[in-house]
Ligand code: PTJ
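There is one chain below, alone, in structure tokens, taken in the form predicted on its own.
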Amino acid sequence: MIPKNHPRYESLMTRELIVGGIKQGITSTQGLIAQGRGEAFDYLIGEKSTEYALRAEKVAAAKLLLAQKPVISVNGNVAALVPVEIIRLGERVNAPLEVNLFHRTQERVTKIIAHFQALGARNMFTKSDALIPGLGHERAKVDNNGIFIADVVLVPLEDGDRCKALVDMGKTVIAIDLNPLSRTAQCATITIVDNITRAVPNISKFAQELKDLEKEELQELVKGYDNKQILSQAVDEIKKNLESHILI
């Protein structure tokens, strides 16, 4: 039992969610490693949603609302960490969920789908009848009516080669990645440098706030967005935080 007054309570509880996901069979053991890597970068950005992250999250919400065929890609870590929040986001932007796994087994896919459906997800793509061009592993498999034809794809916790392959297909790719130097962060159309446990609720909140705006107003919000600038600000934030700790 982790006491709530523990200084690392939030991060420790997040780890427990991943461990619980492994026990349920929805999260891979490699997902625990990915969580640890992300946690390190979260520490470097100050474990908060920064101004530049909130900017990217608002633009992401606008892009999802403007999309004709948005899809949210989910994996084992997403299923363990923010299942209810990602379902709510999907409902607010009318974006179905689609399971896509790097360490893929049909058993895990089935368990993740059942997990989301048990929590109330009703809009999911569940087939694997198309392949993303240029990928040679299991992550190439997608639903022909889902990610394959989507115009905007939210890909939390994505790997770089698949992110690039989706961009090469002409899609707007929204990534949530705590490492601004990763291939995913560098390749995505919109990179949200924030912890997924904060980012998904933030995008959902913005979607709720923006849902009644006219198309032209949403386009104005997106206009001028510069992902390289966002990544540069994230790197500057890390440098500033490191320097402040060195000076202590």
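The first residue of the sequence shown is number 1, and the count goes up from there. This is a predicted model, so every value here is computed, not measured.
There is another form of the same protein, the form predicted in complex with this ligand; it is not shown, and what comes next is about it.
The three marked residues, N77, H103 and R108, each reach this ligand in the predicted bound form, with a heavy atom inside 4.5 Å. Among the residues I147, A121, C163, L178, the one placing a heavy atom within 4.5 Å of this ligand in the predicted bound form is L178. This chain is drawn without this ligand; in the predicted bound form, the residue among K223, R37, K48, K215 with a heavy atom within 4.5 Å of it is R37. Note on the interface: of 205-213, 189-197, 64-72, 49-57, the segment with non-hydrogen atoms within 4.5 angstroms of this ligand in the predicted bound form is 189-197. By the criterion of a heavy atom within 4.5 Å, K171 is excluded from the residues contacting this ligand in the predicted bound form. Mapping the unseen interface onto this chain, Q219 falls outside it, with no heavy atom inside 4.5 Å of this ligand in the predicted bound form. Taking non-hydrogen atoms only, R139 approaches this ligand to within 4.5 angstroms in the predicted bound form.
Contact between L81 and this ligand in the predicted bound form is found at the 4.5 Å heavy atom cutoff. Although this ligand is not shown here, in the predicted bound form the stretch 137-161 places heavy atoms of R139, L157, E158 within 4.5 Å of it, in sequence order.
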